[in-house]
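The chain below stands alone and is given as C-alpha cells, in the form predicted alone.
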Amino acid sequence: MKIIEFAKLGNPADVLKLKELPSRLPGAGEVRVKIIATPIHPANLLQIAGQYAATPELPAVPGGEGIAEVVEVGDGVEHLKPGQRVLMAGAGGTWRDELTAPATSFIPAPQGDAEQLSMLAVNPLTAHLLLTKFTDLSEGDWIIQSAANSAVGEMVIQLAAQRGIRTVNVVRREILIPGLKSIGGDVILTDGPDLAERVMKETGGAPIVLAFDSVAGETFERLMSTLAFGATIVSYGVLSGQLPQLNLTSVIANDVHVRGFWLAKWYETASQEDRQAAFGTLMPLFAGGQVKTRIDSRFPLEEISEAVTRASESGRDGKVLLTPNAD
C-alpha cells in the first residue's frame, strides 16, 4: 500500500513523502478498505508545520476523514461487507490508498456523491455542532460568523438556511460577497472597526444570539460587540495567528458567554448515540445534494507536494482532494 508520511515538522510540500508498505490483513474486529477520496484541510497543514494545538507522534500519516470501499473484513465484523462504501470518521491517517482499522472507525455511507460524502466528517460536522451544541436556535434567529467564505463558514450558511436561521457573514474581501449570497447568506459584510454599526443597520437591530469566530484577534472582539444580551460567542480557530482580544465589558455588562470548540475533542468524548445522531442528520443532506462543499482540484498521492501547495493557496476555489484510487 502507499501512504503519505512526515517524519519531521515543517513546510508540508517539503516534509511529506510517499512511501510503500506491505498491506495488512484485518484482524478480529477490523476492516480493510481502499480509499476513494480524502480531503486536505487547513488543520492538516498546520499540524504538519507544527502550528496546531496537538503535536503528532512522528512519523505520522496525515488525514482525518474520507470515503472508502470495504475490501475485506475480519472475524466478528457483521455490519460491514466487501464492496460497501463507508465514511472514515475518526480513523486517522487517511492520506493513503488503503487502510486497515477497527470496524468502529467506519460508518456505512448512503448512496450519493462520493466526493461530497468524503468531506462530511470534519467541516460539515463542525458547522452542525456549532449550530446545535451551544444555543437552542429557532427559525428567524440571527447568528454571525467570521471567515464566512471558509469551508465551515459556507456550511454554516447552508445548514442554517435549511432551518430558517438567518446569518450575518463577515469576510475580508468584497469579491467574496456574491458567492456567499448565492448559497443563502442573508447579510455579508467586510470586516472593519465599524462592524457593529453596519450589522445593526443591515439587520434592523435584530438581536444576534450566537457568534462563531475562527479568525480571532480584533475580529473576535468586533463580533462580540454585535451580540445581544446573554448571547454566546464560540471560538474554534485562529486563522490570523492572533489570540482573541477579549472585551470584558461585553462579558460583564452584556453577559456574553465565551465558549470554545475543538472537533477532535468532540470525537474523543461523544457517545456512539451522539455520533449516530449527528451523521444521521448530515448524510441525507449530502447524499441528496441539498448542501455541498466546493471542490477546487483533485490529486493522486504521487503529486502530494503539488496538492498541499494548492491547498495552501488563497486563490483556490474550494477543497483539494486526494484521490488515491481514481481510475
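Heads up, when I say rigid core I mean the largest set of C-alphas that superpose within 1.5 Å between the two forms. Predicted, not measured: the structure shown is a model, and the values here were computed from it. Numbering starts at 1 and runs along the sequence shown.
Separately, the form predicted together with another copy of the chain exists; it is not shown, and the next lines address it.
Considering another copy of the chain in the model of the complex, the lone stretch of 69-77, 158-166, 243-251, 114-122 in range is 243-251 [heavy atom distance within 4.5 Å].
A residue is said to contact a partner when one of its heavy atoms sits within 4.5 Å of a partner heavy atom; S235 meets this definition for another copy of the chain in the model of the complex. Proximity of A216 to another copy of the chain in the model of the complex falls within the 4.5 Å heavy atom cutoff.
In the model of the complex, another copy of the chain sits beyond 4.5 Å of every heavy atom of R294. The shortest heavy atom separation between L282 and another copy of the chain in the model of the complex exceeds 4.5 Å. Checked against another copy of the chain in the model of the complex, the candidates R259, K34, R275, R298 yield a single residue with a heavy atom inside 4.5 Å, and that residue is R259.
Heavy atoms closer than or equal to 4.5 Å to another copy of the chain in the model of the complex belong, across 101-119, to no residue whatsoever.
Comparing the forms between this form and the one not shown on their rigid core, the Cα displacement of W266 stays under 2 Å. The rigid-core alignment places the CA of Y52 2 Å or more apart between this form and the one not shown.
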